[in-house]
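First comes one chain, alone, set out as structure tokens in the form predicted alone.
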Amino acid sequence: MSLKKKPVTGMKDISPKEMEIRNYVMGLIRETYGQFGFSAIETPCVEHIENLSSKQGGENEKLIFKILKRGEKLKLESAQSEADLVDGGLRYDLTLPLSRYYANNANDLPSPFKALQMGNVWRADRPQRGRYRQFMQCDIDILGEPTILAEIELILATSTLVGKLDFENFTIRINDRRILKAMAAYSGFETDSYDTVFIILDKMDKIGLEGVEEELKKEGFPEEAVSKYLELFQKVTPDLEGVKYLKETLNGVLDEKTADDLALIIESVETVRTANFKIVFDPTLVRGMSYYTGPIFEISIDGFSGSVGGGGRYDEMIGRFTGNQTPACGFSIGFERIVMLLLEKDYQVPNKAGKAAFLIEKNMPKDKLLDVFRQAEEKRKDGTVVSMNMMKKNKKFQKDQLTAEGYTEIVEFFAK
């Protein structure tokens, strides 16, 4: 049987050019988020299957790469269910492992704890442009901060990072899960139907208001409730006035503080932002994860149809581990999509060190070869990248190849 040269479906090999950009972006992430006080941690890529299947991960729980028990624990002949075969899985995000880590180490961590995580995650998803089965995630989270200071800091840190990567005209959309629920309650939907309503609402940008109306009616919801619900979206505006409108209209089903806090987040970010972007109120924003409990947000970039980042408040997840409620809020950037967009616009990593290639003729005498190595070491002291290469017969092709790799200085060394 012949070996396969291509990577497994949904996963990819990474070229030197892409690695250069990835490494630069990761360095910029550490630097930028570090300036906001976030500390890096790392969690294992394998999680307990009970944690991954705890109904906290929404649709992602259907996409878990599960791991068979090993050695004596794996008893194929007596297994009666999947639980007899599986005890772990590859993590599908970084939020659940962070929650487990915090629950296990809270006594040794500061409060609030500002965490930065970068690492691969895995989802058995259908691959498409900007979506893989193995991909890097970058998360910042603030644990133990109950006020909107957490949301403001997360949005400012993330928008600062995206701005440093020369993305302009990007948009941060913001909403609150409590506003979503209040709109549904005001319209007359039953509490146990909210998830269905929100799944349909989440399609608004694809199927429009009429499409949402049609799907809600197909689900058998009362026409009066559907009509009242859609009227809210026809009247609300994507700004502070829209928040104010819902605060007044939903009086009695929405806590005024929820609307006031959301307005303050928007005002604060608009006042002190450093990057060029818009922050807009979007009452159709749902976010797929069922663990969100408060404000939620997403980043979109002009010219790309999907989001390139998202997050929100999830105050109940850590309590699933500890039994005690712990305020938590996080923001994840779409690392793979951002790198893809940078590659597509031929992004050049700034302030790169000079690159020199030394071409050495074959049969170079020992003393001369050692001298070439000494010259290379001297050059590296000032930060220059120096690559040692044996001279090839087709020097023109060799030099062209080195130039394409970014080598701006090419020095030839001959035996005589």
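Heads up, when I say rigid core I mean the largest set of C-alphas that superpose within 1.5 Å between the two forms. Keep in mind the model is a prediction, meaning the values are calculated, not measured. In this text, residue numbers run from 1 along the sequence as written.
Below: the form predicted in complex with another copy of the chain, not depicted.
J.: Thinking of another copy of the chain in the model of the complex, which stretch from 340-348, 304-312, 85-93, 185-193 has heavy atoms inside 4.5 Å of it?
T.: Result of the contact check: 85-93.
J.: Is Q234 a contact residue for another copy of the chain in the model of the complex, using a 4.5 Å heavy atom cut-off?
T.: Answer no; every heavy atom of Q234 is more than 4.5 Å from another copy of the chain in the model of the complex.
J.: Given that the partner is absent here, does K352 sit within 4.5 Å of another copy of the chain in the model of the complex, heavy atoms only?
T.: No, no contact at 4.5 Å.
J.: So in the model of the complex, does K5 come within 4.5 Å of another copy of the chain, heavy atom to heavy atom?
T.: Yes, K5 sits close enough to another copy of the chain in the model of the complex that at least one of its heavy atoms falls within 4.5 Å.
J.: Give a yes/no on whether I207 approaches another copy of the chain to within 4.5 Å in the model of the complex, heavy atoms considered.
T.: I207: no, not in contact with another copy of the chain in the model of the complex.
J.: Each of L28, E224 and D239 within 4.5 Å of another copy of the chain in the model of the complex, by any heavy atom, yes or no?
T.: No, because L28, E224 and D239 lack any heavy atom that approaches another copy of the chain to within 4.5 Å in the model of the complex.
J.: Pick out the residues of 27-55 whose heavy atoms come within 4.5 Å of another copy of the chain in the model of the complex.
T.: The stretch touches the partner through R30, G34, Q35, F36, G37, S39, A40, I41, E42, T43, P44, C45, V46, E47, H48, E50, N51, S54.
J.: Using a rigid core alignment, state whether the CA of A40 is displaced by 2 Å or more between this form and the one not shown.
T.: Comparing forms between this form and the one not shown, the A40 CA shifts below 2 Å.
J.: Spell out whether the Cα of I360 moves at least 2 Å between this form and the one not shown when the two forms are superposed on their rigid core.
T.: Where the cores coincide, I360 still shows a C-alpha shift between this form and the one not shown that is 2 Å or more.
J.: When the rigid core is used for the superposition, does D192 move between this form and the one not shown (threshold: C-alpha shift of 2 Å or more)?
T.: No, the C-alpha moves less than 2 Å.
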